[in-house]
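Take a look at this one chain, the form predicted alone, written out in structure tokens.
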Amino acid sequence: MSTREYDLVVIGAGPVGENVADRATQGGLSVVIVESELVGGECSYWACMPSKALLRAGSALRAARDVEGAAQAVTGTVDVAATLKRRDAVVHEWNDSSQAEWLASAGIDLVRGHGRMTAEREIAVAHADGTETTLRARHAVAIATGTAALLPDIPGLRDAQPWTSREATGVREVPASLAILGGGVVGSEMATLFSSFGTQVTVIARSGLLGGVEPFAGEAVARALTDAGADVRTGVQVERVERDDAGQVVLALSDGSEVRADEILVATGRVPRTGDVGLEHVGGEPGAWLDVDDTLRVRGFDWLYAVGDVNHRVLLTHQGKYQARAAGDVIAVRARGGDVDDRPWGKHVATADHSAVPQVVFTEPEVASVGHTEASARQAGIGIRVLDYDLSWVAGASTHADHYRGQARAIVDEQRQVMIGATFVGPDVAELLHAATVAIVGEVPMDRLWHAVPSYPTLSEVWLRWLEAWGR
């Protein structure tokens, strides 16, 4: 057994772990990153990248069909085999050699194997060949192990061999029918995807779709799925699951009905991958979310950091990478004995996690949101004004598509007269989101936004319509 020492040890080489390691290395620290699967993690191989690559074919086809001239040129449906082949190229056939090469070029050491803390600042890495390496951190350990799919305790579910998001995005043989348990982002996106493949999709959700955003967004996605031939069932729960002798999955629902499908995808939430990282050896609770402050340091420890999904602040890759940049910088500053306020361009904190989180749901239609919803703002006791606008009334919508349907909502803090939330629903609205994010994070006064003139004719002209509705 060999022993090696570094300034920082990072457990988990997904995008979050890579960014922590990179920023700390740029700060002058020696860094090693430990990975038990693929460098690049869940996002690169089983989540963000493959799912969006798979969804793009259906999205492009629908866009073409909504424009006269292009619609006449479209004569077929999504080519499933070609779409899967493109997915394979995007994930590099699940080969992480290029990502491992990047780590080396950045001066970051890579140790492959399963890492577990065995004592304060000490990690034992078990390798596939049965050997073990001990890594000691002079200054800090960062846990960036992410999350795994939650399998609810439903009788018969585990025995039915359900899919999680990994099986869905890594699919090789597309089923004729698919039952999706859960109406959140993963469930809604996968329902959109498999409907585009011609699969008969049934979505089962205890409440409406996309419960964390404005209600009109989930309603629009549910309508589009129904129009695409999916069966969207809300207000019901799965009480029992089994596979019959023919191999089909049979779901008994709380309303007495039954759903049969070739496969079942469970998309009901996530759990932290902290069950086997050695938390018990340092006074932590295995399997728990890790509570952190705004510098991403685990509360109660001066050497342990938890970055990305594992801390349960925001389960989004871009927010995890944002946290990682802050964490990597602060670890480097603290290792030099510096103050975390010393960084020239600001503090080492992840404050955007609290109020300015942007998210795009790549359904049909797309849903893009940032900051407060009407409900969350009112719950927070903020005096607000809600500005709604039908995106189909914007001139750019008529040039974008012949039958554009969409909606945009801005939430304005009446007292401070700044925008604190925005939601867009419609084709290609993802590209509208960053402008709203900048306005919210920058706390740009509504009166000042009159001078940010949107180009004509584009969908961005909705900003002018919001200002006219604001009327001040």
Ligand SMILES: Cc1cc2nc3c(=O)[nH]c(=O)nc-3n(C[C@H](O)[C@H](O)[C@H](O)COP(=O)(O)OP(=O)(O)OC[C@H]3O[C@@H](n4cnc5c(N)ncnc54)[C@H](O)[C@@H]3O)c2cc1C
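Small disclaimer: the values here were computed from a predicted structure and weren't measured. Don't overthink the numbering: it's just position in the shown sequence, from 1.
In what follows, reference is made to the form predicted together with the named molecule, a form of this protein that is not presented.
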- In this chain shown alone, the residue from Ile440, Val429, Leu38, Ala57 with a heavy atom within 4.5 Å of the named molecule in the predicted complex is Leu38
- So which of Ala140, Val221, Ala368, Val186 reaches within 4.5 angstroms of the named molecule in the predicted complex, heavy atom to heavy atom? Val186
- Verify the contact flag for Arg313: yes if a non-hydrogen atom of it lies within 4.5 Å of a non-hydrogen atom of the named molecule in the predicted complex, no if not. no
- So, in the predicted complex, is Gly146 in contact with the named molecule at a 4.5 angstroms heavy atom limit? yes
- in the predicted complex, Arg416 touching the named molecule (heavy atom, 4.5 Å): no
- Hey, in the predicted complex, is Gly156 touching the named molecule, heavy atoms inside 4.5 Å? no
- Message: If contact means a heavy atom within 4.5 Å, which one of 28-36, 401-409, 61-69, 442-450 is the stretch that engages the named molecule in the predicted complex?
- Response: 28-36
- Scan 307-322 and write down, in order along the chain, each residue with a heavy atom lying within 4.5 Å of the named molecule in the predicted complex. Val307, Gly308, Asp309, Leu315, Leu316, Thr317, His318
